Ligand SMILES: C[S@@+](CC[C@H](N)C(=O)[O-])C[C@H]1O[C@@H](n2cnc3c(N)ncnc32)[C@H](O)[C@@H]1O
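A single chain comes next, written as structure tokens; it is the form predicted on its own.
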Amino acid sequence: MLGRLRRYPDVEAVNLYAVDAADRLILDVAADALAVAGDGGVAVIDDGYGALTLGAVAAHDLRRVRVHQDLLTGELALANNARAVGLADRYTAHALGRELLEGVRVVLLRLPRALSGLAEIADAIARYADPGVRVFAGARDKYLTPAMNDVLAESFSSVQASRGRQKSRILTARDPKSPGPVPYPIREQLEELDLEVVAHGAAFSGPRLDLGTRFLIEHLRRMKPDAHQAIDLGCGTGILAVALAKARPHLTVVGTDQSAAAVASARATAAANGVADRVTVVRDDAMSAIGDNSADLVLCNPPFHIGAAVHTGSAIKMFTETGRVLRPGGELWTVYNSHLNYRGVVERFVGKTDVVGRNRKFTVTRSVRGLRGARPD
């Protein structure tokens, strides 16, 4: 059954997989616990494309499995795969919190790359799950760090590593500690922007101003001065969206991100800075729900990873959708790692593109959508 799973609607390529050895190892190591967990006793967190959820359901005839996936593409892929194999009625999707975890005795988890994301997840499990809960958290060896053990140990008295298999390994945590005050979201003041940032654990860069965003913000005043509707594509914690809204009181901004943690963070950041009436944040996959020719200005600090794999597919998807969403004469302002050399790609999908800034690490470009767009043949 696992061999039938797809990544769609996420990027699909020969070197990107819907199921990997870490998924299979988690299911195998957790098998005995899953066999006695019972209906309603299992939660799955950050299941990539449904392998953990559907693998556990199929192997142990489970029902009422509760699932939280930070990324919308993973959530949609799970739904598609569940329908394809006839298991769509066996699980429900939830936000990270009490509803997801209350009474749960087994948690299957793909370890996130961000330690802050893991810390928020571990705290939630220890806070809300059954006191006898067992957590089976896995990843490929190259993405595991000793610090992950330490983070889990902040919320659990027992953390043990499994033997490796096919370059994958599992951390098993049990005996949750008594939780203290809820640690997330974190709030920090960015003095250089006179802006308060609110960040949940899995949000990119946390409460900090990452270097690419800082460089793009330096060009804020040059961005299409007559714009009325702007989009912060891949908004993260909402720093760009809020900075733009504060600088231009006549402007409305839509922040979009496929991360649930980013959306919650950006909404809170907009509220903390008094611009929630002009900054709307939506969970969306590369503006798929935004209409054609509906924006004057798009800002984007695109990723160059898809999950843990270095891949430009997500950025290209963003550029393609920007060419559709921008009005003729609309502008895309992008910052990216200079070695990626996105200029030609952006020009192909959006329009005439000029380099307006470059430092030792990043390039900022301005692209203008032509009257007929710049879509490929």
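Numbers for residues come from their place in the sequence shown, where the first is 1. Everything numeric in this text was worked out from a predicted model, so none of it was measured.
Just so you know, the form predicted in complex with the named molecule exists too; it's not on screen, but the next bit is about it.
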{"item": "In the predicted bound form, the residue from Val253, Leu109, Ile125, Leu240 that sits within 4.5 Å of the named molecule by heavy atoms", "value": "Leu240"}
{"item": "Single option in Thr172, Ser259, Asn273, Ser116 placed near the named molecule in the predicted bound form, where near means a heavy atom within 4.5 Å", "value": "Ser259"}
{"item": "4.5 Å heavy atom contact, Asn81 to the named molecule in the predicted bound form", "value": "no"}
{"item": "Interface membership of Val298, the named molecule in the predicted bound form, 4.5 Å heavy atom rule", "value": "no"}
{"item": "Close approach of Thr320 to the named molecule in the predicted bound form, 4.5 Å, heavy atom", "value": "no"}
{"item": "Touches the named molecule in the predicted bound form: Gly234 (any heavy atom, 4.5 Å)", "value": "yes"}
{"item": "Within 4.5 Å of the named molecule in the predicted bound form, all of Gln229, Asp292 and Thr334 (non-hydrogen atom)", "value": "no"}
{"item": "Contact stretch among 277 to 285, 96 to 104, 161 to 169, 125 to 133 - heavy atom within 4.5 Å of the named molecule in the predicted bound form", "value": "277 to 285"}
{"item": "Residues within 4.5 Å of the named molecule in the predicted bound form, restricted to 168 to 185 and counted by heavy atom", "value": "none"}
